[in-house]
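A lone chain, given as structure tokens: the form predicted alone.
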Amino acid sequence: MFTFERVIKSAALIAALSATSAFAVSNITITKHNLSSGGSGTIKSATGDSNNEICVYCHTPHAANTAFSGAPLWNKKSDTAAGAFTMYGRTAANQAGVTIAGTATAQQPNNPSMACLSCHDGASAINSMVNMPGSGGYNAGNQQYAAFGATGAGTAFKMPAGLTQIGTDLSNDHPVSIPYNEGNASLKAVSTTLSGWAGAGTIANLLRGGNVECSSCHDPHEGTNPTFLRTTNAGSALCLGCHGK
């Protein structure tokens, strides 16, 4: 039977469930990854109808780059810095890194991490697209550029120097494209439950093909925490989610 009391109880239950997770709903429109001219960040497109879409700088519903498997319906060509990355534990490019525990990385970042590095490597253009917004914007085989910041259409805009420019030297960063081997570096079991992490209920949800990638720690669509971290790192909570130190 429909009663006012049931309505009140249902509303209270919904509120309680929502309160259990700070990441109930992702909203990229209010994050720095909203690269449209209406975005809140300082790095964004110039004003113009062709630049005012949000998702288009990474994804396209048609004519996507099917050769790239790191993210769905990818709207960029392969990373222009491919082959130039120096992995964790190495001093030269295109060599597999090795951790203190003896776990080897890939020689170059896997596609899930390349998706992030396609903007953050400082070599690839942020405003590059395979398929421009709007009808008839597709130009097979050619990378196209939207007007971005102080640059005009047709001009590449790369990540400026600063925290967000990771570069191609990954030797001083947490290893990526590396197998998650339980026990090594005190890594917990992949079945370990996570609480309050964006898009992940267990450690297994953080991995891509069994590997640690950029997206293991960062959710590009969820800007609740600084630098898109999947959970707060207060008290090193993010680190301790995987490492049982």
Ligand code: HEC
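Rigid core (definition): largest C-alpha set, two forms, superposition within 1.5 Å. Quantities reported herein were computed from a predicted structural model and do not represent experimental measurements. All residue numbers refer to positions in the sequence shown, first residue = 1.
This protein has a second form, the form predicted together with this ligand, left out of what is shown; the following refers to that one.
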property: Proximity to this ligand in the predicted bound form, single hit among 103, 95, 151, 144 (heavy atom within 4.5 Å); result: 103
property: Listed residue (195, 50, 192, 184) with a non-hydrogen atom within 4.5 angstroms of this ligand in the predicted bound form; result: 184
property: Whether 115, 118 and 166 all lie within 4.5 angstroms of this ligand in the predicted bound form by heavy atom; result: yes
property: Residue contact check: residue 28 to this ligand in the predicted bound form, 4.5 Å heavy atom; result: yes
property: Touches this ligand in the predicted bound form: residue 233 (any heavy atom, 4.5 Å); result: yes
property: 4.5 Å heavy atom contact, residue 42 and this ligand in the predicted bound form; result: yes
property: Contact of residue 54 with this ligand in the predicted bound form (heavy atom, 4.5 Å); result: yes
property: Neighbours of this ligand in the predicted bound form among 219 to 245 [non-hydrogen atom within 4.5 angstroms]; result: 220, 221, 227, 228, 229, 230, 233, 238, 239, 242, 243
property: Residue 97 C-alpha relocation of at least 2 Å between this form and the one not shown, rigid core basis; result: yes
